[in-house]
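Only one chain is included here, represented as structure tokens and corresponding to the form predicted alone.
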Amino acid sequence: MDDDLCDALSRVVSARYVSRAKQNANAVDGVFKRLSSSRAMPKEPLGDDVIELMLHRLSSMDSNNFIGNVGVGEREGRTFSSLVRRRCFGMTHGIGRSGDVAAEQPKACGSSLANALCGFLARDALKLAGMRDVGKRVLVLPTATGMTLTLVLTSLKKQRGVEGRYVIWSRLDQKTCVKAVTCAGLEIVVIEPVLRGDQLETDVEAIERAIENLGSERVVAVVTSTSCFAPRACDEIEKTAKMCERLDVGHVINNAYGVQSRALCERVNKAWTVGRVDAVVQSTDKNFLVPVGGALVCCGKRNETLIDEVATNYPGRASAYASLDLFITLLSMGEKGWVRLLTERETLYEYMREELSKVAEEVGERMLETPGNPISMAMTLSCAQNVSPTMFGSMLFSRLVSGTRVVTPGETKTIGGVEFRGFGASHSAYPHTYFTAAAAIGTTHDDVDRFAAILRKTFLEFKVKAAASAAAS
């Protein structure tokens, strides 16, 4: 509200009321100024009303919302449904340009501002989570983790040149990981982890042998992972980073849901400090409690060249939904809310493990020892005799428990032309049948208590079914 507007309004209502209204309007402008200058999350969470005012202000900067705008092109931010328009606050032009997904969109100043500010806030959130030496640029993409990994690998392939053909992957049994490589037009070389006790750990020596056998000039990248289903541990990303730097091979870290673990983030920070890391990819929905459809790409200060390459390699402009959802959420959390969520999740992990250990002892099972995994945990299913272990997962799902994963040794699957023995366990001959559960961000103590209660009842019923099956046979 400038002085001329205030003077005009003061002729309609009392000047002192207009003055108070101006103060509030200036307070919203002050939030904008602080975000633009600090390029960090607000210390305190912002209320929904303030965020909506900001979004409407940003929306008014896009050409499709200009008063009297005449759009005669094929893409003018038009919408048929008012529901769709309200859902995106009228920011319908998307982000980026055909040459760079992060470039400013001439028709969408507000959307471009929101996207840029989201990148700054995301960078701050990563730093608070433990990636202290993250580079200046964090790329927010409207693609989930798998397609984002494909974009990263195609960009590395372009840098590597015509000889680049292979991706060496520390095995993690998710189809997405394999498809990300094959979709990039590359061949995957699978390195199985080493079984130590209950835990699956990185075979760094086997990765190095594979590079030497193939020739480093033909290897586009080694792909390691931090967040994974137990009993697999976080990869030895620090040792791998040192090896990749020494052998001049790209290194991509799949940090899909690792941002919520400060222990994993600190390891990522160390990896790109001591060795080579070209890119780190993480999901927005798994870490920041937003809908599926976005990912962050970042790297350390030592090596930021690939981030720009990924931005320019993205074909065309993109949807603004992923960055807009994340922007709103980070403003709603504020620094205090984000740090509180990280701390609560760490506390919840210990609580969940304690409660599940009690259940395991009661039913004659045990928790697998996986100290290298700070998010996921696993319990044996040795009682699954004469009955399919997957029935246990189905029983839990029918009781409204989602997210568990039952793994049975011996299953074989072919993905992208590669055969995986023991698929699901990330190992060809894992010795136990088990199920997993995760202490993920947003999980509550009540969730854990209800899960433990349902688990007890499910074990009792499952054992009855197993006994009946044994008797029938």
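Residue positions are given as counts along the sequence shown, with the first one as 1. Since we're looking at a predicted model, the values are computed, not measured. Under this definition, the rigid core comprises the largest set of C-alpha atoms superposing within 1.5 Å between the forms.
A second form of this protein, the form predicted together with a further copy of the same chain, is not displayed here; the remarks below concern that form.
Using a 4.5 Å cutoff between non-hydrogen atoms, residue 112 counts as a contact of a further copy of the same chain in the predicted bound form. Contact check for residue 370: no non-hydrogen atom falls within 4.5 Å of a further copy of the same chain in the predicted bound form.
The closest non-hydrogen atom of residue 33 lies within 4.5 Å of a further copy of the same chain in the predicted bound form. Contact check for residue 53: a heavy atom falls within 4.5 Å of a further copy of the same chain in the predicted bound form. Residue-level contacts in the predicted bound form: of 213, 82, 305, 347, one residue has a heavy atom within 4.5 Å of a further copy of the same chain, and it is 82. Taking 123, 171, 93, 262 one by one, only a single residue has any non-hydrogen atom within 4.5 Å of a further copy of the same chain in the predicted bound form, and it is 93. Against a further copy of the same chain in the predicted bound form, the set 314, 319 and 324 is in full contact: each member has a heavy atom within 4.5 Å.
Shown alone, this chain has one stretch from 379-387, 98-106, 266-274, 216-224 that lies within 4.5 Å of a further copy of the same chain in the predicted bound form by heavy atoms: 98-106.
Within 4.5 angstroms of a further copy of the same chain in the predicted bound form, the stretch 9-43 places a non-hydrogen atom from each of 9, 11, 12, 13, 14, 17, 18, 20, 21, 23, 24, 27, 28, 29, 31, 32, 33, 36, 37, 39, taken in sequence order. Once the rigid core is overlaid between this form and the one not shown, residue 11 counts among the residues whose Cα shifts by 2 Å or more.
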